[in-house]
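Have a look below at one chain only, the form predicted alone, in structure tokens format.
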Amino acid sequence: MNREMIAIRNLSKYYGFGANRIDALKNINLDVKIGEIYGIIGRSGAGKSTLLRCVNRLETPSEGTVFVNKLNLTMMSDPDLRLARKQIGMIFQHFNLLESRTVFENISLPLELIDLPKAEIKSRVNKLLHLTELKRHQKHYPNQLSGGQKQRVAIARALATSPKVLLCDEATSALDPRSTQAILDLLKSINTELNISIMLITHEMDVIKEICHSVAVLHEGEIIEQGPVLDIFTDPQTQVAKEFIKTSTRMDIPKSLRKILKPKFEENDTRLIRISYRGRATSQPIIGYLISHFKLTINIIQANIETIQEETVGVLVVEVSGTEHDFQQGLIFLNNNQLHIEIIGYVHRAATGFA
């Protein structure tokens, strides 16, 4: 665990016993590297919040271990755990600010609780006000702030004790799109400038692809897929991951086509395929090459190109008509050029308007 800031090993969390036992997490294993932004994505009830709360021991794991900065939190006494938590900041979906305290006072609260001298408190809070662009709001109360400003206060408060890890529990889900982007930009800046490892949970793939380096897909308490965001985005292996990516790219197959989609190929059918590609391949005339070299007729159903982690990524959904030999030769060409192909299904040719 030389480079891991968070290391989770064989972590399980369950409630109750016997026939009444409910498994919230099942044998979780993952690593968050120093300076990494790691995303956990899953549907509601997947166990995301439970996992995050196990990391800072707000929940006690039923089995397994959690290491933060090489410290085994699962084996600690309560006094040692309180000290270790100074290295872990946490922000929540609904901010959890004290309405009776100003912005300055909310940020200073964790420092007051550890009896830091007033001069040092003032110095630290002023730096955080500058970092989060809240200087002119320092005397305001939470009810005078927008949702985005409240989350900035919560982030500043979480950073007050100079943690090495920042845990984010759906930090943008209560915000409008503009505020969401501003908070994501702030988290990226904090990660870069302070080299803080960030672990965040979300149900939105847009958040993952915007700021995360790695991602784990959590489903019914289990990690079913994990890896670099670019790899998961361009070549998802599970249906759950594919569905999240589909919502992010807004590339759902049209209903008219879904109605006539078949799982098995028959003579004279066309093939519906999804092509994912990245880097230099996004600037190459892939479709033109397939048409001219393999005698394939191609109908572009949907196309999307965007930038993720400063690399260009493209996704195409196309309908392909041609002989089986020509189609297989085309697939070989795509595979040889590191393009990821998924055969979605088949459509009878007469239903597409092809001759």
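In case it trips you up, residue 1 is the first one in the sequence shown, and so on. Worth saying up front: this structure is predicted, and the values here are computed from it rather than measured.
Although not depicted, the form predicted in complex with a small molecule is the subject of the following passage.
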Location of the small molecule contact in the predicted bound form, chosen stretch of 47 to 55, 320 to 328, 64 to 72, 291 to 299 [non-hydrogen atom, 4.5 Å]: 47 to 55
- request: Scan Glu170, Asp231, Glu225, Glu243 and let me know which has any heavy atom within 4.5 Å of the small molecule in the predicted bound form.
  value: Glu170
message: Although the partner isn't part of this model, could you tell me whether Ile344 comes within 4.5 Å of the small molecule in the predicted bound form, counting any heavy atom of the residue?
response: no
message: Is Ile22 near the small molecule? Define near as a heavy atom within 4.5 Å, in the predicted bound form.
response: yes
